[in-house]
Ligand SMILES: NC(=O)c1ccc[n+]([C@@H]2O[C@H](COP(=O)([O-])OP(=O)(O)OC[C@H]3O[C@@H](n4cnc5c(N)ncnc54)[C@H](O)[C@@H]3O)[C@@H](O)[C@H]2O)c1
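The chain that follows stands alone, in the form predicted on its own, written as structure tokens.
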Amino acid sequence: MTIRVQLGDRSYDVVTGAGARHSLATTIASVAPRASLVGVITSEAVHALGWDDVDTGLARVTVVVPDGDVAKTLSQAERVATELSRHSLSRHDVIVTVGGGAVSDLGGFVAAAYLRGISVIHLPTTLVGQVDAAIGGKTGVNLPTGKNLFGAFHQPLAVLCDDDFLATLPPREIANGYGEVAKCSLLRRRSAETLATLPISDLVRDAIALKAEIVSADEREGGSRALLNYGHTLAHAIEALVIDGIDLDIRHGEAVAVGLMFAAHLAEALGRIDSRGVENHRATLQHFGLRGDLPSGLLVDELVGAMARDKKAHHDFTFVLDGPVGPEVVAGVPRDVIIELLVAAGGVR
């Protein structure tokens, strides 16, 4: 299956299905015909599995980075770029990322900055990478103050989503991706009852299609693309605390599930939805095997401080919240309501 991201002369295909990775060499020849060297960026776990040993049709240099968000730092970006420079990767050449969302975020950022911008192709090996991180051109690394605060928009030449990669993932990593799929189902305004009638494979493909549709309409998050941050305001705040050193084992999709449930309660508190809307969020998360409970012991003041630094915010609190016509970006959410709901969810003051 091929899904087109329509961005004029920067349009590209997202190819899904078993064996999609095997089209990499022909894809490079088609979309980067002047390339003679490929810089492959991958993670330690993916390298150990040998998934990065994919045919590029050209000479290659491979740079291995740590697993997870540990790789998403300016120091790692500098290390990767320096290694590519040592091998004389040129503006005609191409970077290929093979890994999860952290790898595509980091590799895309390096591609955006190295030599002021070179081409990149993503081969996402995780479900969260395939349905979200690798599509749309948002690249970046983390700062000590928060997630994805240092980056650039840089669209790939192609995204190859191979189902074979997913067969290697443990159940928790699949659930991690389901957080983003659940988000897309809620953006589509599906009921939990409807979800029960649809194959999970269709929901995954639909999540990819929705991301492509929204990016095609709003490349740089000036309008509708902000809806893709549904559940992410609190999710990124939780992840920022992890970056800051809190001992908490939580994946991105799990944090998004918490954020989605909190957003539902916030929408109810503001009179935007009723209890049935809240329950549909809970049932949707349960359909995907996810919980929306706030992890215990988190300090409310720290969460509120992290949410105030969210990329959507403009010196206020901004959330994507459900409402009569579906999810919308809502600015100026009262601080006291946020605090009250965080305390009710188990946050510590």
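All residue numbers refer to positions in the sequence shown, first residue = 1. None of these values were measured; they are calculated from a predicted model.
Omitted here: the form predicted together with the named molecule. The next part is about that form.
Does every residue of 68, 105 and 168 put a non-hydrogen atom within 4.5 angstroms of the named molecule in the model of the complex?
-> Heavy-atom distance to the named molecule in the model of the complex: all three under 4.5 Å.
Of the options 259, 179, 101, 156, which one has a non-hydrogen atom that comes within 4.5 Å of the named molecule in the model of the complex?
-> Looking at 259, 179, 101, 156 one by one, just 101 meets the 4.5 Å heavy-atom criterion.
In the model of the complex, which of the listed residues (190, 265, 205, 138) lies with a heavy atom within 4.5 Å of the named molecule?
-> Selected option: 138.
Out of 37-45, 285-293, 316-324, 22-30, where are the residues with a heavy atom within 4.5 Å of the named molecule in the model of the complex?
-> Stretch 37-45 is the one.
Can residue 233 be called a contact residue for the named molecule in the model of the complex at 4.5 Å between heavy atoms?
-> So residue 233 does not count as contacting the named molecule.
Residue 133: heavy atom within 4.5 Å of the named molecule in the model of the complex?
-> Contact check for residue 133: yes, within 4.5 Å of the named molecule in the model of the complex.
Contact between residue 49 and the named molecule in the model of the complex at 4.5 Å, heavy atoms?
-> Within the cut-off, so yes.
Using a 4.5 Å heavy atom cut-off, state whether residue 128 contacts the named molecule in the model of the complex.
-> Heavy-atom contact with the named molecule at 4.5 Å: present for residue 128.
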